[in-house]
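Consider the single chain below, provided in structure tokens and representing the form predicted on its own.
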């Protein structure tokens, strides 16, 4: 990628998103619902040599998303890399029999609809990039193959977060089939210690960022429409 590659990472003021922003080696917009936390994260990144700036961005709010589009339009006139990292876990554990329409809708609003809202709004800017990339932050939990493999253990059954990421995988495939000029892939960060899981994960946010960083910096002959972790391909 060129020296002045422009990226946006949603949910980037902490955890995996912050580490993605730190490791991209790009001019990066730090998307954050809380403007103050976004500014603080961007300042910390700049202090560590990253060309970062804050982007107030709530993926569940259309006006917020359009304001982010306007910011990139005014500053750069394009976007090269979009990492849809923002996500919520919802109630955990939440067995399907305990899920409510409201609890499912809340998770889908961020993890699926929010990705569509941001991606579709940013597509005109991505269309102006010579090498556009979209990375959707998924999970090993979203793999139907792994979920139905008897020897694979994922712990508690979940009826909201896990299906939301499977839905996101399906969308990733469809975006890749439609947007043949953009490499669109999904990343599995692994079981990372973040506030999403009460810091129970076994790997660091920096480790969890590796797959997304690799997919965001794919060469021109790299894959599209796939699900990957740091070790390679993950089955759908």
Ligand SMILES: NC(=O)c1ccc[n+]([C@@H]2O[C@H](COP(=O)([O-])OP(=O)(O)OC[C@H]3O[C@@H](n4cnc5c(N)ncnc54)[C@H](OP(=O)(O)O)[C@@H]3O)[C@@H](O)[C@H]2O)c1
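Note that the coordinates shown come from a computational prediction; the quantities given were computed from them, not determined experimentally. Positions refer to the first chain, counted from 1.
A second form of this protein, the form predicted together with the ligand, is not displayed here; the remarks below concern that form.
*Asks:* Consider the chain as shown here, without its partner, and state which of 60, 66, 174, 181 has a heavy atom within 4.5 Å of the ligand in the model of the complex.
*Replies:* Partner contact (heavy atom, 4.5 Å) among the options: 60.
*Asks:* Identify, from the list 166, 119, 129, 110, the residue with a heavy atom within 4.5 Å of the ligand in the model of the complex.
*Replies:* Selected option: 110.
*Asks:* Within a 4.5 Å heavy atom cut-off, is residue 99 in contact with the ligand in the model of the complex?
*Replies:* It does not: once the ligand is placed as it appears in the model of the complex, residue 99 has no heavy atom within 4.5 Å of it.
*Asks:* I'd like to know if residue 135 sits close to the ligand in the model of the complex, meaning any non-hydrogen atom pair within 4.5 angstroms.
*Replies:* Output for residue 135 is no: heavy atoms all beyond 4.5 Å of the ligand.
*Asks:* Would you classify residue 15 as touching the ligand in the model of the complex, given a 4.5 Å non-hydrogen atom cut-off?
*Replies:* Residue 15: yes, in contact with the ligand in the model of the complex.
*Asks:* Classify residue 162 as contacting or not contacting the ligand in the model of the complex by the rule of any non-hydrogen atom within 4.5 angstroms, answering yes or no.
*Replies:* Taking the distances in the model of the complex, the answer for residue 162 is no, it never comes within 4.5 Å of the ligand.
*Asks:* Hey, of 67 to 75, 146 to 154, 119 to 127, 82 to 90, which bit sits against the ligand in the model of the complex at 4.5 Å between non-hydrogen atoms?
*Replies:* It is 82 to 90 that comes within 4.5 Å of the partner.
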